[in-house]
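Taking the form predicted alone, here's one chain by itself in structure tokens.
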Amino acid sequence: MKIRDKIAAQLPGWRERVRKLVKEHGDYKVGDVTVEQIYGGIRGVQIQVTDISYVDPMQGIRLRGYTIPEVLKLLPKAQGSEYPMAGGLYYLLMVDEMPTLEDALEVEGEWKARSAIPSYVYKLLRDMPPDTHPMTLFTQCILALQNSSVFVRQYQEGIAKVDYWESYLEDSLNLTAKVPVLAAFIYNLKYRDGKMDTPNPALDWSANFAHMIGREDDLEYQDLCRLFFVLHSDHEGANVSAHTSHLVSSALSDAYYACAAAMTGLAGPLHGLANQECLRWLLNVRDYFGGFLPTPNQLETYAHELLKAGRVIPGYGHAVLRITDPRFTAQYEFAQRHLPEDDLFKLVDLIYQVLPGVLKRYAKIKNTFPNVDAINGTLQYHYGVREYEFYTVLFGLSRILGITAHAVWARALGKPIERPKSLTTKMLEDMVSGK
């Protein structure tokens, strides 16, 4: 397979770069960790190296060096669509090379050949209580697939350490092939009385998800899925889900364990669940104004009251970005083109015009601009996917693309088990007092 061959060809150079950095500059001090950072969740501390993605504070996420607008422009498009195929994106994340249409189609073909789900996984999902959260189901079925891990089998057979990455790649391709089918089954099980549309071999990875949840004739929603899954595929290597995955896989737990662990982190309201919370807040704002669009002055007053009461307005601000999130912009432009008269989008648009000016008056707020969560749910809601507890599964389905790419390269470069050091409170007290 071309992805495997491309990675293999790059590895000698990459391993030499890492070896040289550690040997010649191993004692170079990258930064000091403060007491505040230790107690503040090590926010902003540089603890990870990855070349797959980077969040530029002034340009947003870069995927293999490309900005979001560049990725959307340059990746090969699905036939008849203005939006990229996920197969091309996965090739870019894995290989660090902008794919041709042939490259993208090869990955899509690999996914189709690997997408079958064992019957016991479906039985597991059906046997769960009906009120089980979709993210719980999604995590469980990823774990249920773990017994098919190629890495585990080859590790037990005595595979050489320098070859770990190849079996990780196999596991990653197998898992990424299956997650749209699993996510669609969960959606149908919970919200469509178990009705399941089988995959359409003529459709790409992203559009097939739309097809499997009953949107086979909705070309706009298929395009939204293509856009959504590209935008949410990765976001550096040290956010909660990515770092969790890296930590778990550093112990040589396989890709299934690592991705399942990542999904449990993604399920938190401070991470992937935020898109659900943003839509819930938008619906509450709409209800507060009786279903009508408020005037700018009314919305400004409402926002001030919330902030004065110590409430957080979800969807605005970001730990790194100091601009409007380009992923927000990409979806905003999609909405302007396809649903300009949607009432909820009009509210999103009004908030976008009013809220940054309000937030600027509060000194503690460093970033007054919207992040991707501010609009995610609105688009899904418009196209009939209104079960917002499912939105984090959509996020996770996409993010596994980036997580598995990180895992493959971590094994390819021989990264060791992650083992930072903890201190006691007394040790810190002695340090700061000079003892």
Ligand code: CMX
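Worth saying up front: this structure is predicted, and the values here are computed from it rather than measured. Residue indices: 1-based, along the sequence shown.
Same protein, other form: the form predicted together with ligand CMX, not shown, and the subject of what follows.
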Exercise. Is ligand CMX in the predicted bound form near all of 43, 271 and 315, within 4.5 Å of a heavy atom of each?
Worked result: yes
For this session: Please run the contact check for residue 252 against ligand CMX in the predicted bound form: heavy atoms, 4.5 angstroms, yes or no?
Result: no
Exercise. Would residue 319 sit within 4.5 Å of ligand CMX in the predicted bound form, counting heavy atoms only?
Worked result: yes
Exercise. Does residue 311 make contact with ligand CMX in the predicted bound form, using a 4.5 Å heavy atom cut-off?
Worked result: yes
Exercise. Does residue 53 reach ligand CMX in the predicted bound form if we count a contact as any heavy atom within 4.5 Å?
Worked result: no
Seminar exercise, completed: Assert contact residue (ligand CMX, in the predicted bound form, non-hydrogen atom within 4.5 Å, options 67, 37, 367, 48) equals 367
For this session: Just give me the single entry in 98, 350, 307, 159 that has a non-hydrogen atom within 4.5 angstroms of ligand CMX in the predicted bound form.
Result: 307
Exercise. Among 271-279, 126-134, 214-222, 182-190, which stretch sits within 4.5 Å of ligand CMX in the predicted bound form, heavy atoms only?
Worked result: 271-279
Exercise. Within 387-407, which residues come within 4.5 Å of ligand CMX in the predicted bound form, counting heavy atoms only?
Worked result: 395
